[in-house]
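In structure tokens, the next block holds one chain alone, the form predicted alone.
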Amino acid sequence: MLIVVGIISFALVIFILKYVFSSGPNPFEKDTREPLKKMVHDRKQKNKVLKQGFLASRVPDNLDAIIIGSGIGGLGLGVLLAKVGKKVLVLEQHDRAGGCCHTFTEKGFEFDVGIHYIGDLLEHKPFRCMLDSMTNGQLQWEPLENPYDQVVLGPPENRRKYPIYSGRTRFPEELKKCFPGEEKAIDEYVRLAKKVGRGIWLLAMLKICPVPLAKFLVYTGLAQRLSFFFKMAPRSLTEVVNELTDNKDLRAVFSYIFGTYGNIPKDSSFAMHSLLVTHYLNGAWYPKGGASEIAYHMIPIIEKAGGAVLVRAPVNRILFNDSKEATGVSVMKGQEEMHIHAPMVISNAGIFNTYQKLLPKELQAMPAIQKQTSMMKNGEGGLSVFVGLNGTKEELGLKADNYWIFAENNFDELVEKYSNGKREESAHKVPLLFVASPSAKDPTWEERSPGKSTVSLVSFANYEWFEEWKDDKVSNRSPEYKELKQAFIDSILEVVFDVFPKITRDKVEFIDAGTPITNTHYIGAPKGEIYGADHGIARFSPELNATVRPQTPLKNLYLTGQDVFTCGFAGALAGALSCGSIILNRNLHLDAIAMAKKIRFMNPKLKGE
């Protein structure tokens, strides 16, 4: 009987995906790629696109939609709507567009804040074809080294380094060279990760299919039967890898990339982890010209359709009529409010900002809103250190790769001790550190900044450690705050100097750190999180994913970005695709796949791949 129900349900899913969600306009219908134009490096010229300040005179008339937040989930959705003729206004509270894709410059050094490496960008893959379409073919990608990641475990006197290679066969083969006798565990790990990755289709399905069908799939248990993603979602990363091997270093290497979504292995869903593993199986890439190129090539598409992307435009509330329908937003211009109206409002500000800050109190109290917020929680606070160096990548020993440096291989114990410790003590014992050099990854860097290099260092820190200074002026926080921040910087630098011997203190020309309260100020993260809402095991239950959807309980109000789907650049874009699917009444996920197939068919060089 269950098999029959499963077959019927699967047939119903295919029917709905193929027919019901294909009635609206398709933003991927035409190949909009254009011949490559000369790359723009002049900062003033780029700022004319990226830093268009909010003025009443710049707000287009007769808007079709307002999007709150210019991160990739907001900009990406803006492009999708613009490609079918919608006039969209994207509002950004910061002084430049891009969200975590923006860059900033200090003392002549340009730093990215969130784009370190992106996977799945082979030319014929749907993700690459989609990004090419959304930038009219102007965004270029540079592959990283292979190995693209280096996992470093242990103290200086017992340090072990394990290279992580891309390639569906090379990835496991290189691991087997490092761990002889563990071939069976490595093969099974890769098999499980791939199988989980193939099951992600149902997560997208639950976001866009009719609510009764989503509930049917959840409450009959069919979601877990139909998708291996949901079958493995309740299992922790620690649980799965511990069953595969007793080798503690191999367990650590299986788990190291948990830093890309922010939950320690015992609190991580193996399903979420598998998405990251498979995301990089075919390689890793970095945007040529730096992360700001992403927004720079998306904004003109929105403008061409009559829309605009305006910065220094803090939305302080969403406007509703008496029928509880979203009708627009209120923007603070100095001490005055300006009301802007549109038939729909889409928030890329995150579920907590949207529901707890931008809604009127009476709507925040709605049971349907309360249910969604109760199912989610804030993610971990991020800590970033930005280092400007005198010297070329060759002189400093920097490559187009990343280092994941851990104090030892017992990740769960290390991070828990750090997080539960007193801030002054934890500042001297940062257990994990991500190290990357944007300048070494970008082939245009030497032309733009000869003789200089940058390094970005990322870890985690409790928001509560810094919360007492959150209301200080961002450029002039108290001496105690600066002292604590400096303690983190000093201990982190010691690790960098040890692992990268060519980087010495005399080469450092600029250094500063961004704490969780820095993230709150610049990217609007409520608790300083860099990956949106928490990505622990509970996040990947079928019920939550059938409940937290692009369409909110309030008419004409939608959600996009990381909190709708998963974190990171690809996850936020998947959130934009899901939201666009609802608004345009068609399955944009399938449209992107169909476009990739068409491009592959039309290109003789790709047919055999």
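Predicted model, so just to flag it, every value in this text is computed and none were measured. Start at 1 with the first residue shown and count on from there.
There is another form of the same protein, the form predicted together with a small molecule; it is not shown, and what comes next is about it.
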Problem - Candidate stretches 486-494, 84-92, 239-247, 164-172, one within 4.5 Å of the small molecule in the model of the complex by heavy atom - result: 84-92
Exercise for the section: Using the partner position in the model of the complex, report whether S578 sits within 4.5 Å of the small molecule, counting heavy atoms only. Expected result: no
Exercise for the section: Classify I72 as contacting or not contacting the small molecule in the model of the complex by the rule of any non-hydrogen atom within 4.5 angstroms, answering yes or no. Expected result: yes
Practice task
Would you check, heavy atoms only and a 4.5 Å threshold, whether I118 touches the small molecule in the model of the complex?
Solution key: yes
Handout entry: in the model of the complex, Y280 touching the small molecule (heavy atom, 4.5 Å)
Key = yes
Problem - Listed residue (N462, N410, T392, N353) with a non-hydrogen atom within 4.5 angstroms of the small molecule in the model of the complex - result: N353
Exercise for the section: With the small molecule left out of view, choose which of A533, V458, M232, I186 has a non-hydrogen atom within 4.5 angstroms of it in the model of the complex. Expected result: V458
